[in-house]
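Okay, so here's just one chain, in structure tokens, the form predicted on its own.
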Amino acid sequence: MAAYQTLEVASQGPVLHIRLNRPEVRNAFNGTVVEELQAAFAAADADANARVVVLSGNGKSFSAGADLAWMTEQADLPVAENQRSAERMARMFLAIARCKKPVVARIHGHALGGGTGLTAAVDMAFCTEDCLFGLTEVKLGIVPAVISPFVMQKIGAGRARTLFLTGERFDGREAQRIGLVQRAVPEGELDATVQKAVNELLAAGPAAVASAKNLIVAVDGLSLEDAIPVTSKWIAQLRSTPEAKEGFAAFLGKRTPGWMS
């Protein structure tokens, strides 16, 4: 497993843990974090043993967003280089959103700016009730441009409009209400809640989970009529696979499917 400067990456059976590890700056990300997160999720895609990825942060917070010292450095770069830096960050978020494995986030403390963006990019996120989120970029004279597609896909343009324009902070309960996270729980219940979600994912067929992620991308935006040839072909191909046949046989035989053994 590759060595990282700003991440801790460890396997626990079929679960791959990727932990932001800059606790001294509340896991704010700089160029190294951007590069290493993209590399870690590319490695997760290629890891045949990993079935679920859990993203979390060491220390007091999940992530306080972009490191302002690093952002200041990027602002002083020539225009083309400044834009390339932003594109690298966008592709890091895309690597998380398009990871072939389901990605679960464990959110605590602060998840501001890019930390909210990370929350939006994963498949499912769980947080503490008092966790603080916020698309706070306008308070710094910028906008949440790179993370905007991920946030808007998760919570919708209407809710994003208020949060982008005001930069207001909101807690975990509000994050659950607007759909940014699946559930906000008391701090003492966070690990058990994340583990329950991981267990549900491990009980599902791994190829089916990967296919479900692709299905959402393929169907989103299609009319009901245009979706018919896509979805009918999808299920016809999938239900003839060895994994589907094993799932059918296990259910009918009242036994555990092979992917859970």
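Residue indices: 1-based, along the sequence shown. What you are looking at is a predicted structure, and each value in this text was computed from that prediction instead of being measured.
One more form of this protein, predicted in complex with a small molecule, exists but is not displayed; see below.
- [ ] Select from the listed residues 146, 112, 99, 151 the one whose heavy atoms reach within 4.5 Å of the small molecule in the predicted bound form.
- [x] Going through each option in turn, the one that passes is 112.
- [ ] Could you spot which one of 198, 50, 34, 28 gets a heavy atom to within 4.5 Å of the small molecule in the predicted bound form?
- [x] Here the answer is residue option 28.
Open item on the list: Counting any heavy atom within 4.5 Å as contact, can you tell me which stretch out of 78-86, 183-191, 104-112, 119-127 lines the small molecule in the predicted bound form?
Closed with: Result of the contact check: 104-112.
Task: Whether 24, 64 and 169 all lie within 4.5 angstroms of the small molecule in the predicted bound form by heavy atom - done: Every residue of the candidate spot has a heavy atom within 4.5 Å of the small molecule in the predicted bound form.
TODO: Decide whether residue 39 counts as a contact residue for the small molecule in the predicted bound form under a heavy atom distance cut-off of 4.5 Å.
DONE: Residue-level check for residue 39: no, no contact with the small molecule.
Task: residue 233: touches the small molecule in the predicted bound form, heavy atom cutoff 4.5 angstroms - done: No, residue 233 is distant from the partner.
Open item on the list: So, residue 142 and the small molecule: in the predicted bound form, are they within 4.5 Å at any heavy atom pair?
Closed with: Looking in the predicted bound form, residue contacts with the small molecule include residue 142, since a heavy atom lies within 4.5 Å.
Open item on the list: Whether residue 68 contacts the small molecule in the predicted bound form should be assessed with a 4.5 Å heavy atom distance threshold; does it?
Closed with: Yes, contact at 4.5 Å.
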